[in-house]
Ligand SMILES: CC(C)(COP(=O)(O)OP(=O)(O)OC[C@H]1O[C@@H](n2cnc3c(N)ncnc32)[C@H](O)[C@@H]1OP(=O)(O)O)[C@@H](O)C(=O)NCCC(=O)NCCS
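Listed next as structure tokens is one chain, alone, in the form predicted on its own.
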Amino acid sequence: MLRIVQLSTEEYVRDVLPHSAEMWAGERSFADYAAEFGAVSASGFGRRRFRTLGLSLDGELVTSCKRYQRELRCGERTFRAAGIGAVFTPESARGRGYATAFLGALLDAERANGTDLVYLFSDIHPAFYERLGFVQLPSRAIVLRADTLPHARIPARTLGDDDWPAIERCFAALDATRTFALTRPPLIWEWLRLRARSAESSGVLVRLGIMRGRRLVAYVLGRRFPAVDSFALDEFAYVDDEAAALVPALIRNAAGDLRKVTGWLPPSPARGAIPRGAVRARKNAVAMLLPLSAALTAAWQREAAGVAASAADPCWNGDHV
């Protein structure tokens, strides 16, 4: 008999992670991979906004996923959102329709429980999710030549863990100007801080900011990859137009002597703070959304054309699940 089950941390580490490690552990050892998963599960975010689910066939786990609880601000309303990540079927169970059955049942359960929308980031075969009703959102990458950014002397300083509250306030000032965005309450910031400490990404972590008095007015987060002569830009924010004008130089400082700056195309209005660069469609982490409730469907119909036509993407790299 097929049924959806909630997996404990121990069950997920035992039954899923040994199989998925080859795909998602990166350069981490299995011990580190499992420990980081355990840290997320044990956090306030993990206890209140994160679950691991699976499809059981006569007691055998045949497919699984992670579920993230978020909220989406669309126009003047905020909606309940569920993010789905790490959809995984063991090789021995593939080709039998288990993932389709699992996700179909999960979407029915989300709809019945009052979830307004489900979103995900597809690394493989977005068409699979389109058959379930998901819609692709603009998903693009940008490449900038570092030497095209201003090499100005600015009062940038390295940000530490004590600066996270200031980073959150700076981000909130910019985020308040957006009409379509996944919100970031305190538990989401806790999750982002855990990810920042993760060894999932190699490279050298960089956090730079600019102060105005005691206030952080602009910041840049990313990683340097000297082996490929590139700085991967994860996110930036600023509090006003004066601070926005400093962002290109701040990114140049973060890149150091590396030749390229790469990353996801930033959402609006942050997109306007950096040069045009070379923009291309992403083949992985393709953002997809499925409206479930009537209210979100109506709101999405009002916003969809603008999101699709925008010169900016709808979400930051930090929203990836």
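Sequential numbering from 1, following the sequence displayed. From a predicted model like this one, the values you see are computed outputs, not experimental measurements.
The next section is about a form of this same protein that is not shown, the form predicted in complex with this ligand.
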Triplet Trp24, Phe121 and Tyr129 all within 4.5 Å of this ligand in the model of the complex via a heavy atom: yes
Of the residues Arg96, Arg169, Arg215, Arg77, which one places a heavy atom within 4.5 Å of this ligand in the model of the complex? Arg96
Tell me, which of Phe180, Phe88, Trp189, Phe225 has a heavy atom within 4.5 angstroms of this ligand in the model of the complex? Phe88
Report yes if any heavy atom of Arg197 sits within 4.5 Å of a heavy atom of this ligand in the model of the complex; otherwise report no. no
Does Thr100 reach this ligand in the model of the complex if we count a contact as any heavy atom within 4.5 Å? yes
Applying a 4.5 Å heavy atom distance criterion, does His151 contact this ligand in the model of the complex? no
So in the model of the complex, does His125 come within 4.5 Å of this ligand, heavy atom to heavy atom? yes
Note: this ligand not shown here; in the model of the complex, the stretch from 239-247, 202-210, 104-112, 129-137 having heavy atoms within 4.5 Å of it is 129-137
